[in-house]
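Take a look at this one chain, the form predicted on its own, written out in structure tokens.
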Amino acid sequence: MGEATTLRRTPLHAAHLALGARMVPFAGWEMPVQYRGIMEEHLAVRSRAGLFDVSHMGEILVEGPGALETLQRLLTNDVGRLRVGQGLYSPMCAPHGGILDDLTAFRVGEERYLLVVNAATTAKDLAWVADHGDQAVVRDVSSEMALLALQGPAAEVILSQLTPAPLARLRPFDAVPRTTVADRPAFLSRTGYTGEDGFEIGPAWEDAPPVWEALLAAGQPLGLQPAGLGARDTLRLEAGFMLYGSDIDETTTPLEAPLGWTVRWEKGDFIGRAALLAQRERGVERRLVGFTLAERAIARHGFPILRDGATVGRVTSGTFSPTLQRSIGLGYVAVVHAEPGTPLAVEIRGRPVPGEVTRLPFYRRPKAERPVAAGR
């Protein structure tokens, strides 16, 4: 049995094929990487709107007495400050401070929380949360809930045609646990992974095709396009968002990545706190930075980062930015080389390509143009 026959498929697989998508293996799933081209889909999201199928991501419910205590122990961010209908982004760390996963946690009831986790780590996350569940009930609902991401400046106008949810009142990371989209029950949140305003919509698995079709129809007059994983990656990199497995993993900590803001020391103990506190007190030795290159060459994962000819770090992500029209990337460097403006080079095919450390994010929509910003 070949790999292609073992890949899982989302409920929108047939819709992707009908749209002419190029399908590729990703984290055990057969997913669309592009429809009409990464560049066109990327620019559609920045200027109008794009619709992504992200049903491969995992969803875990944590509920009942002990649910809050469980998440406070597992996550570095402070889940205790969430009201029903609010969410937050957080790493989940191992005792040594390494990042087991980065996820979004929503409070969807008084004692009920929904975790949206990465596809490749869903099984690992589920086991970890269940092992530390105290009295809470932990349940994998990934096969019950699809997930669509509608992203771009026209997202609110498009979605408002299909839902009674009060979209204009939703702030970033706000959620409506129970509403309808295209007359189908759905979870809805003002979140995304592109640096644009947008929404993530979670209908039942079997309801995903009609919701997808309704969104495309409603958005067609406004220039909405289906967008694949290729554009999702270039968009998130422009916005400076980490990709688990490339930029962060169990060998990196939130303090080394620019995620120190997600560590809420004041909330009390959590798994990894002692290790992170010790790292903070002695100082990090390396830091994840953004960089730009002077040429169009692409810096791939693992390429050496050089300073005065010596290797001072490694690339974790790189691409050519369709918005900025220049090569950008992320990588870990020794902390003495992490200051924005520091000259460096990336070794590409045996040749040093000059560049410099650049402040993140690479791209941010001007505030005056953002009715509501969104993040992952």
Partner chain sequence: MFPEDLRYTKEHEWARREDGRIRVGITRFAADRLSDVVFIELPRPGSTVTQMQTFGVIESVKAVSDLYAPVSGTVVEVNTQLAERPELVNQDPYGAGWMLLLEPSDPTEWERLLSAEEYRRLVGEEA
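Bear in mind the structure is a predicted one, so any value in this text is a computation, not a measurement. Positions refer to the first chain, counted from 1.
Form predicted together with its partner chain: not shown, discussed below.
This chain is drawn without its partner chain; in the predicted complex, the residue among R300, H96, R169, R139 with a heavy atom within 4.5 Å of it is R300.
Only one of G64, P343, G37, G28 lies close to its partner chain in the predicted complex, with a heavy atom inside 4.5 Å, and it is G37. Of the stretches 255-263, 140-148, 83-91, 227-235, only 227-235 has residues with a heavy atom within 4.5 Å of its partner chain in the predicted complex. Among heavy atoms of T323, none comes within 4.5 Å of its partner chain in the predicted complex. When contacts are judged by a 4.5 Å heavy atom cut-off, T319 counts as touching its partner chain in the predicted complex. At a distance threshold of 4.5 angstroms between non-hydrogen atoms, R314 is out of contact with its partner chain in the predicted complex.
When contacts are judged by a 4.5 Å heavy atom cut-off, R178 does not count as touching its partner chain in the predicted complex. Scanning 8-22 for heavy atoms within 4.5 Å of its partner chain in the predicted complex gives just one residue, R22.
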